[in-house]
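Before any questions on binding or motion, here is one chain by itself as structure tokens, the form predicted on its own.
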């Protein structure tokens, strides 16, 4: 595992997009949340901007910021680490020089696992620091009250990256893969859920689409209040954290298996 991760690091360390995406994530995760200190007037049901920074709600709002950043930067990165291999023919070179296809593929899986862990560790660090310096009275039980966001955040990162990995191996071209990634998450899945599925079946199965489940792991916090009421369709508007976690794990495994199948069948 460490050997394969080292090989990935050697290849990616000099990749400009890798440096830019990771730098943007590390800078923007706390920076975007801290801009909330400049907001004086907030829409209902928010009363004060303190909820962005204090324990335990800092876990929720920082997680939502990270949701968008992981969607863009790490989703894009998981595509680029695959498509650049095809562009520069390094996949063929790695296999010719001794790696099996399985080892080559597992290097990619280990990489997205490592990036998800790193992103989650940084999220935890930022949440603890921002919460500590913003909360008037810090109590241990308040600090960790929403700590279940930590594994949910990890699964969110891994869900985006496993989907991007699968698209990278499927399409092989960076521009097309990035377009499909954005188009599916931002438009196509929404049309399928609301415009097709809901009209045909009108039940909560519409929530069990892959990227919606990823988003429901760390949703916009105050929109969860809508789940205090049943929608006019008679079911809740969000998956529960447990439902979202199981759904994301299932889809991520499917994406990885599909990607592995494509690697096994790839013409070098």
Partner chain sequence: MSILSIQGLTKHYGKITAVDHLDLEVEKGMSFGILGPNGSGKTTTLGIILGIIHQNAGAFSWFEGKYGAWHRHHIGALLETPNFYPYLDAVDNLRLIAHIKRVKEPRIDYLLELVNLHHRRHSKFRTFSLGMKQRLAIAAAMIGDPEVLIFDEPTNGLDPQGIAEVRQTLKEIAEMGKTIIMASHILDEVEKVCSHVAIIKDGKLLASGTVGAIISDDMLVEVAAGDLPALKAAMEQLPAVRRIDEEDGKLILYLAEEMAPAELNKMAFEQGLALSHLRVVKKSLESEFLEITGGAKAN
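Positions refer to the first chain, counted from 1. Computed from a predicted structure; not experimentally measured.
Just so it is clear, the following notes concern the form predicted in complex with the partner chain, a form of the same protein that is not shown.
- Among 96, 191, 183, 129, the residue placing a heavy atom within 4.5 Å of the partner chain in the predicted bound form is 96.
- Of the residues 142, 92, 173, 197, just one reaches the partner chain in the predicted bound form with a heavy atom at 4.5 Å or closer; this is 92.
- Contact annotation: the partner chain lies within 4.5 Å of heavy atoms from the stretch 82-90 in the predicted bound form, the single such stretch among 130-138, 154-162, 82-90, 116-124.
- In the predicted bound form, residue 148 stays away from the partner chain, with no heavy atom inside 4.5 Å.
- Taking the partner from elsewhere, residue 10 is found to have a heavy atom lying within 4.5 Å of the partner chain in the predicted bound form.
- The closest non-hydrogen atom of residue 258 lies beyond 4.5 Å of the partner chain in the predicted bound form.
- A residue is said to contact a partner when one of its heavy atoms sits within 4.5 Å of a partner heavy atom; residue 246 fails this definition for the partner chain in the predicted bound form, lying far away.
- In the predicted bound form, the partner chain lies within 4.5 angstroms of at least one heavy atom of each of the following residues of 98-116: 98, 99, 100, 101, 103, in sequence order.
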